[in-house]
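Before any questions on how it binds or moves, here is one chain, the form predicted alone, in structure tokens.
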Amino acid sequence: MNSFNYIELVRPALPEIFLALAVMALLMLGVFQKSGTEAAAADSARLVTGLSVVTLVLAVFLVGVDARGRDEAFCGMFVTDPFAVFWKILVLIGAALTLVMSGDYLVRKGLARFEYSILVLFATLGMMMMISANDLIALYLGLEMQSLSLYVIAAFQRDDARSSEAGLKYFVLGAVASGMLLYGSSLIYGFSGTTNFNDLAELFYAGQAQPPSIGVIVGLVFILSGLAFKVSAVPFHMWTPDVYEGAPTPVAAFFAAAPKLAAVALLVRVMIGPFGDLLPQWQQIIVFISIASMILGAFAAVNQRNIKRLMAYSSIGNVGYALIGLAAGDETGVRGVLIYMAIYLFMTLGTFACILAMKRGDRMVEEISDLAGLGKTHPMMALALAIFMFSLSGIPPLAGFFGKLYVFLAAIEAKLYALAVIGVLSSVVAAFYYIRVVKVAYFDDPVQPLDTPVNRSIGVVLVLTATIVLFFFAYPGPILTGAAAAAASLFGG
């Protein structure tokens, strides 16, 4: 077999191969850089971070230029299609923006080490493998590559007790979730004889007279439980508030953005691909998880005083809204999930950029009460924060309104009226704590003003995300068109 044939065989996975090689090269670069002093370590970290951002941008280009329909590699265990392309681009953008706004924080906290960027890249590589998984074994490999990196960066601030606690909690609960996922996969294999998604889809084709065995249903429940942990959906959400609060703020931003999107993409692919014709068996589980996540995300955040914990409960609620589209189980519902999560990415990263920009001396501001008077002392920062809070509330004409609109319409088309009504009511309750942040920023008297300078890189992220959220209604084409094509590809369109 000549070299051209080898290239054609692995061509669908070229972005992942490029990213893997780049990570190894950057790892060696970081190792051989002089880092004897804190200043030298910071310089090494800046160099590796800058090259990591460039690597992620090039990976976006590689993913986008080679989108030629559906292709498989590695004996059908890896697939690339418009669905995978859409999610990979979002994940790569999320990882790149997180790295961009992390640098100044890590330097100030004495955490500027090149390993941070390497771990983010390894986690991103795992996410890309998850999104393109076409086999239960490939799914687990990608998931564990992502998770092992996230366990480490959750505890990256190792001298801080909260960060160490966050990493330990995430590791222990993540191991339980991985065990549940593996057990479910073993049941599926034992009762079906295959782990390949294509073979499973043929085996469970709706036209067959024989219903799935009880072992398959139990295995599916265990797989759903493991994946629900990864998207931090109720009742597998317990790690989220503590990890978001304890982990360094850039890490919490990363957790809320890229890994969340990759996990939702994996959940949608697994449910719609191999188990799409078993909709009656898993739909009620998704409906329950969606309702529970929306309600808990709305009510549990009301009494939060720490803005990172508030964002943790917000992310739980947002997953609940996204799962409304998956519960619909059709192309319209999946398109709603895609649109919602794309908008969620920019709203969340923008909010965390605001949190990262707010400090008082050497202390990061995390309490909502510390934002008092922000509208008077830092009007542009307060405006950006208000844009993201109103968008998360779902107030038109901001992007968050359209994200919720598409998933609610999908639920109505699927005749899931109760789910849509509960979603609307939960959104109204959640609006209370989002708007309370705006009220504190604009109407409370400042006690002690925050520092004025905003890091340039954080400013870039703020401007970019705020512009997308604010003017989405004027130019929604790229996201809507990409989401429609991605959803159609998952249903064989």
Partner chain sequence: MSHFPVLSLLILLPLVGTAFILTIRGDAEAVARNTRSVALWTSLIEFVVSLYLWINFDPATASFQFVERREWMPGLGISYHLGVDGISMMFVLLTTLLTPVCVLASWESITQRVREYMVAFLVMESLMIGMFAALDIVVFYVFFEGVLIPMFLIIGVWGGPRRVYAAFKFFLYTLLGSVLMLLAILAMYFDAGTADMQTLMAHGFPVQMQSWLWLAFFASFAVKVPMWPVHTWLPDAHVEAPTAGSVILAGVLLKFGGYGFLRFSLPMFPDATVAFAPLIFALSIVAVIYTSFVALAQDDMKKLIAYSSVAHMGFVTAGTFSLTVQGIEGAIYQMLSHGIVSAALFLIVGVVYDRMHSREIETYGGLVHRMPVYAFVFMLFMLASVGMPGTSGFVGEFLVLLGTFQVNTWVSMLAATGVILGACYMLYLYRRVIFGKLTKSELADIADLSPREMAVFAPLVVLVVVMGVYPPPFLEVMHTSVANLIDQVTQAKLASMPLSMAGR
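Everything quoted here is computed from the prediction, not taken from an experiment. Residue numbers count along the first chain shown, from 1.
The same protein also exists as the form predicted in complex with its partner chain; that form is not shown, yet it is the one meant from here on.
In terms of contact with its partner chain in the predicted bound form, the residue from Leu181, Leu398, Leu136, Val79 that brings a heavy atom within 4.5 Å is Leu398.
The contact with its partner chain in the predicted bound form, taken as any heavy atom within 4.5 Å, belongs to Val428 out of Met28, Val428, Val54, Ala40. Taking the partner from elsewhere, no residue among Asn306, Arg456 and Leu490 has a non-hydrogen atom within 4.5 angstroms of its partner chain in the predicted bound form. Shown alone here, Arg335 lies within 4.5 Å of its partner chain in the predicted bound form, counting heavy atoms only. For the chain shown alone, Phe432 is a contact residue for its partner chain in the predicted bound form, at least one non-hydrogen atom being within 4.5 angstroms. At least one heavy atom of Val421 is located within 4.5 Å of its partner chain in the predicted bound form. Contact check for Ala22: every heavy atom lies farther than 4.5 Å from its partner chain in the predicted bound form. In short, of 279-287, 261-269, 371-379, 212-220 it is 371-379 that has heavy atoms within 4.5 Å of its partner chain in the predicted bound form. Contacts with its partner chain in the predicted bound form, taken as any heavy atom within 4.5 Å, map within 394-415 to Ile395, Pro396, Pro397, Leu398, Phe401, Phe402, Leu405, Tyr406, Phe408, Leu409, Ile412, Glu413.
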